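Only one chain is included here, represented as structure tokens and corresponding to the form predicted alone.
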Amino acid sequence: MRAVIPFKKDNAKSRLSGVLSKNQREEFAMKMLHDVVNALLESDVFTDIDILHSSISSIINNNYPSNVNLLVSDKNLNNALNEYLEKASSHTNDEILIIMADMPLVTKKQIHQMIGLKGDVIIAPGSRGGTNALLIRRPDEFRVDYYGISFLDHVRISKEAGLDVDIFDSFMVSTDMDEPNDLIELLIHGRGSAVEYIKNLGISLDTCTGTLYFENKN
């Protein structure tokens, strides 16, 4: 089984620009990627973990194990992932997990639970109709369609291909870091390097009001 993580560092997480600077957002993206990679490694079920990125130079200095590969593609998300699926299926046709890089709450527990489902395609929905993780057991018969309400698109694509679908309903997997209020969930549930980074920036949770507190904000 292989895992692939689409990743963008340059000007990452623009919707967090109200609370984080450009450099902070890019560093935060790296910390979240690190947490996702760690969860995949700790699950101990993947022969290879591929980071699919538009520029290898910005992440090449990370000390990942030898089965974590850095791949470069200048294509958009859909084209890059569909090319990845096509190449993978033409060589080994391994099961493939596509997982987003902005899910710092995911742990090996959710990875094992997702893999334990029986469908040909396992879809873990994100907020606002997105797709946070996608386990494809027959990659030669499936193509992705992200952007917009991709969850519904992936259900439709699966059915049109005659593939059985299971939905993986998990709070930890559905919670991605797109909006400032998403940081509240990270501060409550996070255990990895992403939450430590946010705390080190002086961002904390006011437990009386349920809002973010910015220690260093003028």
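The first residue of the shown sequence is 1; numbering continues from there. Note that the structure is a prediction, hence the values are computed from the model and not measured.
What comes next is about the form predicted in complex with a further copy of the same chain, which does not appear here.
- With the partner left out here, a further copy of the same chain still marks one of 44 to 52, 66 to 74, 175 to 183, 26 to 34 in the predicted bound form; by a 4.5 Å heavy atom cut-off that stretch is 175 to 183.
- Heavy atoms of Asp169 reach within 4.5 Å of a further copy of the same chain in the predicted bound form, making it an interface residue.
- For Gly126, a non-hydrogen atom is located within 4.5 Å of a further copy of the same chain in the predicted bound form, even though that partner is not displayed.
- At a distance threshold of 4.5 angstroms between non-hydrogen atoms, Thr207 is in contact with a further copy of the same chain in the predicted bound form.
- Proximity of Thr131 to a further copy of the same chain in the predicted bound form falls outside the 4.5 Å heavy atom cutoff.
- Contacts between 128 to 166 and a further copy of the same chain, taken as any heavy atom within 4.5 Å in the predicted bound form, involve Arg128, Gly129, Gly148, Ile149, Phe151, Leu152.
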